[in-house]
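Shown next as structure tokens: one chain only, the form predicted alone.
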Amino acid sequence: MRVIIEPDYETASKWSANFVASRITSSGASESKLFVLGLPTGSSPLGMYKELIELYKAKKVSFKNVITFNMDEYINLPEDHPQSYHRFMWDNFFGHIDIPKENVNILNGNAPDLKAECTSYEEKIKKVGGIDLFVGGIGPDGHIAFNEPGSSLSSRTRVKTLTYDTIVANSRFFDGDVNKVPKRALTVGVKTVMDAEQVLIIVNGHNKARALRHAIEEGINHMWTISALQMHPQGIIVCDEEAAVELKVGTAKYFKDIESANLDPATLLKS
């Protein structure tokens, strides 16, 4: 596992965006061989999306030959609802880049058969050859996508009932009213994410510090689903100093020493 500790959220977001862009540009993606990118919603990736939009405007990266699969979506929330993940992605990212609309895949929380929707999603990922890079964030309890504590580490895309903690946390997007927050969602599974060739997890803020410690210093545990990243051969965590405060001093120094010798992905995008 690589752990990149940046001074602040802005720097971590830039590193993440440069890494994603460099992976796309170096992949040799074409119309016949699309780069397959898994994407998250929430506050964690917003800075990365803003940076990717700037890289696109600067002609450092194109998304014409990229196909995306989002992590999750609420059930029974209209796609045009201000808090739907469809709306989030088009408002904050897709609407500002050159990705073809037909290359965007987001779970349909209004599908007549939700189980079939989940099965179809997994099959489509398999049909395009699997995900090259899956980007994600985590919650304070260490969940990835909506794979909350207790989720199977071998789980696949499915219907998930949300915990009260998640509903309360997400109520800030629904006028602070927990009753407005959908109680169920469709989500990719832990195994769906871990099957990607590479996984990049963005962790920011003091409220994620405990989860980050469990992800890096504790054992693999289904109560902290992010800990599954320990089993991935190409797992990367990008975090800010605030999120790293609960790591042992020796742990933080170890990863900083290693990364000091590695190439910054921004250098790969210089013309």
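Just count from 1 along the sequence shown to find any residue number. What you are looking at is a predicted structure, and each value in this text was computed from that prediction instead of being measured.
One more form of this protein should be noted, the form predicted in complex with a small molecule, which is absent from this view; the next part is about it.
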Q) Any of the heavy atoms of residue 172 lying within 4.5 Å of the small molecule in the predicted bound form? A) yes
(Q) Can you work out whether residue 42 and the small molecule are in contact in the predicted bound form, taking contact to mean some heavy atom pair no more than 4.5 Å apart? (A) yes
Q. Does any heavy atom of residue 106 come within 4.5 Å of a heavy atom of the small molecule in the predicted bound form?
A. no
Q) Does the small molecule get within 4.5 angstroms of any non-hydrogen atom of residue 86 in the predicted bound form? A) no
(Q) I have 6, 12 and 47 flagged as a candidate spot, so tell me whether each of them has a non-hydrogen atom within 4.5 Å of the small molecule in the predicted bound form. (A) no
Q.
Please tell me which of 121, 146, 134, 93 lies within 4.5 Å of the small molecule in the predicted bound form, judged by heavy atoms.
A. 146
Q. In the predicted bound form, which of the listed residues (200, 190, 71, 196) lies with a heavy atom within 4.5 Å of the small molecule?
A. 71
Q: Could you tell me which of 176-184, 134-142, 112-120, 150-158 sits within 4.5 Å of the small molecule in the predicted bound form, going by non-hydrogen atoms?
A: 134-142
